[in-house]
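A lone chain, given as structure tokens: the form predicted on its own.
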């Protein structure tokens, strides 16, 4: 007779597998958008209000205190409530309903800006929201030049920017740009109008370098290059605005230059480190660029000379004489030694011979 224990184990295992499969079975997931702070009620599919059900959030069972019959009620939802919710029939654990809750806000009025940094080729428009919505947003931009709609080619990166090519230069007709943003909780829009010349703003000058001028303690030589995005500096030349100050002061000094890409500062404080920046602008139209990356430089200073006084020379001579030590010698002693005045010089070797003879005669 077969043991009933293995059969019982198989039944329990099969039941567990069935419940697991039912709780993880695939079903079309709805996406439900709700506003921050709202009260949210979810129905368990077609289940009756008084049916026994179990709700889960991201796979974790939800306490029954959040249920009103078979309905799930969430009060004053915030971003932490976003996630996947599922409802199961109480007795069979059949999946009856699932949804993905996304909590967010409707969009506020977007911020829109248009600028030409490569005049006369065209201009670009960029935009952003003043605050996040936490849910997906869709943007639509329309550019009109009089009655004509222009194509705005969107950039792959950044995604919130597009470019428009000028079809007619030196036009007095205004441009009108409208940006609309929509999401599942609402929409908003903004519109700006401008003249062609008003939005011309070059990028800052590039490769700014500042160096001291040899033998000139109050001069600094500054050089830079036109912004690489400015396509035709010969036909549309730029002028420049240079500012500089020593680090110890807060007040800037300014110089406006109508041409050229270099300038020599002639009134720098000797030995003081300076911070220097340059801006650019079309000679006739538009506005000044932002400031370039700051560079630092210090005017030339003369190398200090070593000054020696007569007292220092005498002291050095005396010290050197008194402390002189002759080099070592390999001699054991001198061959001759002077003893007193008129003393007899005796050879060390001869002394040894005489001593030996004396011993023999003892």
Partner chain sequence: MLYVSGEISGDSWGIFAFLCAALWNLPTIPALNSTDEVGAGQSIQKTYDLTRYLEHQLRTLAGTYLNYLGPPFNEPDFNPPRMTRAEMVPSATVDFELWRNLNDNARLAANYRAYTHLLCYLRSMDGQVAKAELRKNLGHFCTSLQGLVVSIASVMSSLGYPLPSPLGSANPTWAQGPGATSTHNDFLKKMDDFWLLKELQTWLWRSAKDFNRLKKKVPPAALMLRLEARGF
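Residue numbers count along the first chain shown, from 1. The structure presented is a predicted model; accordingly, all values stated were derived computationally and were not measured.
Although it is not shown, the form predicted in complex with the partner chain is what the next lines describe.
Student: Since the partner isn't included here, can you check whether the partner chain sits close to all of 169, 172 and 284 in the predicted complex (heavy atom within 4.5 Å for each)?
Tutor: Yes, because 169, 172 and 284 each have a heavy atom that approaches the partner chain to within 4.5 Å in the predicted complex.
Student: Whether residue 228 contacts the partner chain in the predicted complex should be assessed with a 4.5 Å heavy atom distance threshold; does it?
Tutor: Because no heavy atom of residue 228 falls inside 4.5 Å of the partner chain in the predicted complex, the answer is no.
Student: Any of the heavy atoms of residue 120 lying within 4.5 Å of the partner chain in the predicted complex?
Tutor: Result yes; residue 120 sits at the interface with the partner chain in the predicted complex.
Student: Do residue 250 and the partner chain come within 4.5 Å of each other in the predicted complex, heavy atoms counted?
Tutor: So residue 250 does not count as contacting the partner chain.
Student: Is there a heavy atom of residue 267 lying 4.5 Å or less from a heavy atom of the partner chain in the predicted complex?
Tutor: Residue 267: no contact with the partner chain in the predicted complex.
Student: Which of 219 to 227, 135 to 143, 233 to 241, 92 to 100 has heavy atoms within 4.5 Å of the partner chain in the predicted complex?
Tutor: Answer to the contact question: 233 to 241.
Student: What is the one choice in 207, 76, 193, 262 with a heavy atom within 4.5 Å of the partner chain in the predicted complex?
Tutor: It is 193.
Student: Which residue, 288, 197, 127, 124, has a heavy atom that falls within 4.5 Å of the partner chain in the predicted complex?
Tutor: Going through each option in turn, the one that passes is 197.
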